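Just the one chain here, the form predicted alone, laid out as structure tokens.
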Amino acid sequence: MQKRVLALLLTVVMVFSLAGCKGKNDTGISTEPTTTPADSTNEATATPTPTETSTEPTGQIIIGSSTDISGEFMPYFQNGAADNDIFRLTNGYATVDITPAGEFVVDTTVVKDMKTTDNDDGSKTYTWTINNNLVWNDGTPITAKDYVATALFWSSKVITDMGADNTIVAKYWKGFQDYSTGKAKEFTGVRLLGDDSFSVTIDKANLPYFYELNMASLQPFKLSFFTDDTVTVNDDGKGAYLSDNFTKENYEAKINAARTKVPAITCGPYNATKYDSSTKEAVLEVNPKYLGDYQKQTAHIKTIVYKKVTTETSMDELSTGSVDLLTGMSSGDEINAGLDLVDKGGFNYTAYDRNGYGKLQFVCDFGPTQFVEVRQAVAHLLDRNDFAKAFTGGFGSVVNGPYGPAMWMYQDVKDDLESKLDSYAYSLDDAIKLLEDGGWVYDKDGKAYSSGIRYKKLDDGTYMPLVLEWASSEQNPVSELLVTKLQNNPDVAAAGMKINQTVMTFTELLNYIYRDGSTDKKYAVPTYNMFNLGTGFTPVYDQASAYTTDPEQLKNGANTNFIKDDKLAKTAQDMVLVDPADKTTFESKFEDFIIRWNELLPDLPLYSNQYHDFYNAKLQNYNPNGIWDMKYAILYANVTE
């Protein structure tokens, strides 16, 4: 039960984004991308539109990632940023693609024809006809059934019973609720119309929708690779459905095996040819059968090696040629070391505003952090300006909500928005007052608090200590800085609070965040009150699932803060229920959502910043930005040996 892509603070952190599959955390449709040439200052310039080119792929690039590659490459289950990168590089042919400016466009490499119909019941149907020259990497044809299979498989009750999030692909389509819960065999909002044609119907309740074109998109899925040839896609006129033999009992083992199997049957720019779980290294080779993205762009670089690096040694590995590309460098130490390397020659970099933020993520349904006063008190006990300056070295600053400087809507409204937000300035007195107002006024014996750890009297008459259990990933300099500036801050103790740190692997940290008991039941038990990590957003800034109060979505792990606030959920939903052309209303509702979030503080934002990708100078034509990151930009790059 996990779906959001989360990553270490020092890594590329894009919440899972695949054109055609809608991630939970999303950002706006366009931004002001910035690029800094390696031999210039940090003065930003607009990212150029990539030029469509076609050459025989050659060479190799080794990408170093400080986020663990877990081997879970399917984003519907739990995976991190590195896993998601590999998913994106090996999967493709969504009917809608994205440009470097964050605009959604119909991909004519895939789509032969697209028609829309406004239905009498208020719903809206997109009918897609695909080209007949698309094939999987095994050479078999891609048909309309493969697109319909994506919606049916990943929206099914079978998948959610296995711990996956079945709301990512098609939750806004007609008939989703009945199909996804197993009440109906047919998915009425999805129709198989022929070998090359299918349709999807957006439910009236979800219209207008600001990202409508992308919402109506699908990408193909090789159903038989996850099941077998006896599971079929059918349509008798009432909606598409899978054959009755598609059950958890029949296919759970095979599905779980397929999730991590390498090589797999895919259709993206690259084929995953090798994955070593012990070294956390994956090898991708060009898929010669891939016809290209929306510009018919195919890969120039023949081989991509994706390997795990540590933040301590990553720059040394770049300088010695052990890796060729480090993405999303965010700490001042890393960036300055990278710039020094560039000055010596032989290396370049690209800098761009981040579409996300580093944070302390609170758990809001148990322990002290279930109380907003405690979350706000923690905010007042950490000097975030000092923290951001220390960590980013001047390449970042504090944000006060779930946004990053790469967002176009934030750029448009930031002056007005920031004037309405609480910055939670450092103040021991304010922290103590919040705790007193929240009822943390007792000692362990139930007497009036005077010193030591504070307690709160609960409704059942017991007393809860103000002790926060904090989970942090290993070899993480942000964690080390938090120890200094928060955990060991004398004012924390002076406020009557104690913070205990537990260090673990990032994969284990994700298991606790998502309460994913599929590998070990201990992860399903609420244990930690806060985690430090980073997060990022796709171009679709739809936060409805991230802060949903729907019990079914909560059960599936959609809301990893486990915060249940009806107003927050409503503002998140209202933000996207806007006409795609009505940018002004979207921005207004974006402000409403951020203001409510800032009041409740489900996360404590630590900073947002300017990412730096450092690379060997042999990498040419590499132009990522905050929206269109490495996963996209690498397709237009090449290497010169």
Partner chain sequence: MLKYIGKRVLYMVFVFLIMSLVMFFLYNLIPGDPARAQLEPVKTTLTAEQYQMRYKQLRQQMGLDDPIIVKYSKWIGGILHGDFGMSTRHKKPVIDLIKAPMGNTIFINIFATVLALGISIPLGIICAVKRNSIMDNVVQVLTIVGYSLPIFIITLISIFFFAVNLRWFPVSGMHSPNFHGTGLVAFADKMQHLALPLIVMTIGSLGGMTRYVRAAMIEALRMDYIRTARAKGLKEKVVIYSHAWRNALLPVITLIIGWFISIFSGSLVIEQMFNLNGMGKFYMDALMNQDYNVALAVQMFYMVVALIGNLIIDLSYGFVDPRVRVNR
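Positions refer to the first chain, counted from 1. Model, not experiment: these values are computed from the prediction. The term rigid core refers to the most C-alpha atoms you can superpose between the two forms while keeping them within 1.5 Å.
Not pictured, yet referred to below: the form predicted together with the partner chain.
With the partner left out here, the partner chain still marks one of 286 to 294, 556 to 564, 184 to 192, 431 to 439 in the predicted complex; by a 4.5 Å heavy atom cut-off that stretch is 556 to 564. Not displayed here, the partner chain is approached by V309 to within 4.5 Å at the level of heavy atoms in the predicted complex.
The partner chain in the predicted complex comes within 4.5 Å of no heavy atom belonging to K204. The closest heavy atom approach of S277 to the partner chain in the predicted complex falls within 4.5 Å.
The closest non-hydrogen atom of G163 lies within 4.5 Å of the partner chain in the predicted complex. Contact check for T167, E281 and T303: all three have a heavy atom within 4.5 Å of the partner chain in the predicted complex. This chain is drawn without the partner chain; in the predicted complex, the residue among T127, S322, T232, T108 with a heavy atom within 4.5 Å of it is S322. Proximity to the partner chain in the predicted complex, defined as a heavy atom within 4.5 Å, singles out one entry of Q573, T585, N598, Q60, which is Q60. In the predicted complex, the partner chain lies beyond 4.5 angstroms of every heavy atom of every residue of 111 to 142. Superposition on the rigid core between this form and the one not shown places the CA atom of Q543 2 Å or more away from its counterpart.
With the core held fixed, T303 shows a CA shift below 2 Å between this form and the one not shown.
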